[in-house]
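Form predicted alone, single chain, as structure tokens, below.
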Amino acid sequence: MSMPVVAIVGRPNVGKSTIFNRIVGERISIEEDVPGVTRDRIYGKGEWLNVEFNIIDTGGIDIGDEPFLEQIRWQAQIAIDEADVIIMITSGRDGVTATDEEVAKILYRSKKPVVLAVNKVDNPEMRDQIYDFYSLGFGDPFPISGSHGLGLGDLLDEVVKHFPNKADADYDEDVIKFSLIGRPNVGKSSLVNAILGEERVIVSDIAGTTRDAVDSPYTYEGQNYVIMDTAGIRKKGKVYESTEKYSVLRALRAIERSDVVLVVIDAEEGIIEQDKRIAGLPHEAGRGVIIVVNKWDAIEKDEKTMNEFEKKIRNQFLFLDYAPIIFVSAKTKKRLHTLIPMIKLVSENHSLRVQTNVLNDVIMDAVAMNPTPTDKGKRLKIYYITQVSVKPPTFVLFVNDPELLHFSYERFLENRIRDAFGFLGTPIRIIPRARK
């Protein structure tokens, strides 16, 4: 099931980011200069009453040189598109402003549940100032103080009440769910159209979730597939195409609902930093990964070009050394027929289970070939290994002391497991545990 999404909306300087940081906890609200998407200021995870949810701070979405009011309209629109519940933040110190009324109008038309919070109510005497906010038409305003953390419990109680009960579109276990991610204009949209156009057995687009993400199911050689969130891929326009943070947000959501993720790269432009950031997302989420180089028709080639491009990818995406690379052209449909069988293979590997006795034979052979390391005179002892889950395949390795399992030796064991069982396209996890 996909996690509910909460968006924080409001005019500038009402304290949206402070509230966001309070809800997600300080661990995510690390300053911008730290690389890595999970620390991006606009997107985080919160939890209240044992319910986890994603939260967006629309104030972190910067839409270039647009006039002040236009910016806020865009931010409100993103909240409407993405969220199950919207928190509108206003300021108790300023009272109801014309801009608050403008934001309220946009949100009112959305038909999404809106919870109104009046921030900067830092002491009980100020509570009388919240009554004006009833005029915005969202029912009881919740007085809060982001800087002191007051009133947030009541606010979140109300937010959680509005979460949808509906699970994601229920797809059968045997349906393979995949998504395409990549920075704007790498050809995700054309690839979706080319895939759906080539295997013309399309069921009509169905609404995938409460957030109107549209999924496109189809069948190929008897296997059912669903391309997740094709609506998100096809979104165009200034805000969606130019905002890197927005494309990351969208990618995270598509990944959450997929078994296999296609990371799309533009052959003409080559690899840039943003590609690496986006490609790290499915790896961290433990999804199957295929790297798809699109627009291959536009490249002047000789017999070495493909090998050289592949080397570049391997050098830049060291963490995805298990991911197959496919060169295609959505425009000419060249090599497109190789894509779906590869998605099927990666999906099978992603849910592959290995017998414990065979697995232990492989590990013991590996140890015989390359003995375990020592640290300060103490040698790592491996007792046995067992697979505890799939999607991604996860193994628990019972040892005398987990601290002795150096990263390089763990990598060696992972490679031996891959040599023996394949696991092409899927990350695998090894968790060392001390034997009691």
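Whichever C-alpha set is largest while still superposing within 1.5 Å between the two forms counts as the rigid core. Quick caveat: nothing in here was measured; it's all calculated off a predicted structure. Sequential numbering from 1, following the sequence displayed.
The same protein has a further form, the form predicted in complex with a small molecule, not shown here; the description that follows concerns it.
Here the chain stands alone, but in the model of the complex its contact with the small molecule, taken as any heavy atom within 4.5 Å, falls in 292-300 among 108-116, 315-323, 342-350, 292-300.
Site residues K16, K120 and S329 are all in contact with the small molecule in the model of the complex, judged by any heavy atom within 4.5 Å. Remark: S145 counts among the residues lining the small molecule in the model of the complex, judged by a heavy atom distance of 4.5 Å or less. The small molecule in the model of the complex comes within 4.5 Å of a heavy atom belonging to N185. Residue contact check for S189: one or more of its heavy atoms lie within 4.5 Å of the small molecule in the model of the complex. Taking the partner from the other structure, the small molecule in the model of the complex has no heavy atom within 4.5 Å of any heavy atom of H162. Note on contacts: among R73, R277, R127, R93, the single residue with a heavy atom within 4.5 Å of the small molecule in the model of the complex is R93.
Once you line up the core between the shown form and the other one, the Cα of P12 ends up 2 Å or more from where it was. The Cα shift for L152 between the shown form and the other one, taken after rigid core superposition, is 2 angstroms or larger.
The rigid-core alignment places the CA of N123 2 Å or more apart between the shown form and the other one.
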